[in-house]
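Before any questions on how it binds or moves, here is one chain, the form predicted on its own, in structure tokens.
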């Protein structure tokens, strides 16, 4: 006698098939817009010669951090990537991370604000975030393929789902940590909900929210190698190709490129977070 099995997997597959069958027009439109955005961003960065783009990245690093060490590391790290012959995949990776992070913030920050202000939604979304953060990253590739096929758009989708929870969680945490005395004072002066949110709660919670953005970027970068399995270009694709061909040298160099990009972005976001805290 065959043992009874709760059809969890079949239910999820049925939901995915339903959306694919009835909303494929929406996913195709989204895929077209996103792929055009990726290509436009990559083309814009590739328009500049590598040495010029390195100087631009260095200038941005200095303007955002005013830190000599981070600025020098940005220039030296990007120059090393160029020297290793990994410039084109690095530009593709940066574009993928930027777009995935923008999507994660655009979705995650409003959800985090709503969770902080609505107790019912908070109790619903927190277990979902726990599930999302403990689910193996490879699982997110499964729904991406039927929706968007193989390619960078599917990689963006999987990366957004994987990297979005910190943006939601830390936005919610930052707003909830605003001192109650300040909230009561704002209420006493007759502030509306929107005035209280934009003039009190969001400015005070900015350092915590920046930490969430930082974690989102790091998770997006950690996903680039996994996303290479479904056609994402970039440094992750170089690592995946090196694994398939057993090219340890090339794989290590591509991994070093990912580390350099991660350190640059992490230090810049940390500096921005500390500056927001001082303000």
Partner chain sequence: MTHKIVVDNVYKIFGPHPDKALKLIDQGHTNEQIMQKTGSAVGVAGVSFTVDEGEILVVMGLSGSGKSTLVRCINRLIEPTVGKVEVDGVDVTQLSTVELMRFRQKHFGMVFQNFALFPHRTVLQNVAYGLEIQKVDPGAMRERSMQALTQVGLKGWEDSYPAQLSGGMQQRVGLARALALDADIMLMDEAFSALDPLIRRDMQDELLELQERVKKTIVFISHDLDEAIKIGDRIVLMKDGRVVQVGTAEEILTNPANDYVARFVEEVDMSKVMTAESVMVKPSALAYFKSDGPRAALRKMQKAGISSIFVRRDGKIIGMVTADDAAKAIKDNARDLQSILITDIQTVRPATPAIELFPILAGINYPLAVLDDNDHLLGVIIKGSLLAGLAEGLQTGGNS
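If you're wondering where the values come from, they're calculated on a predicted model, not measured in any experiment. Residue numbers count along the first chain shown, from 1.
Here the subject shifts to the form predicted together with the partner chain, a form of this protein not shown in this document.
- Every residue in the set 191, 199 and 204 has a non-hydrogen atom no more than 4.5 Å from the partner chain in the predicted complex.
- A single residue from the set 186, 116, 81, 170 has any heavy atom within 4.5 angstroms of the partner chain in the predicted complex; that residue is 186.
- The shortest heavy atom separation between residue 182 and the partner chain in the predicted complex is within 4.5 Å.
- Taking non-hydrogen atoms only, residue 134 never approaches the partner chain to within 4.5 angstroms in the predicted complex.
- None of 68-76, 144-152, 191-199, 161-169 except one has non-hydrogen atoms within 4.5 angstroms of the partner chain in the predicted complex; the exception is 191-199.
- Looking at 218-253, no residue comes within 4.5 Å of the partner chain in the predicted complex, counting any heavy atom.
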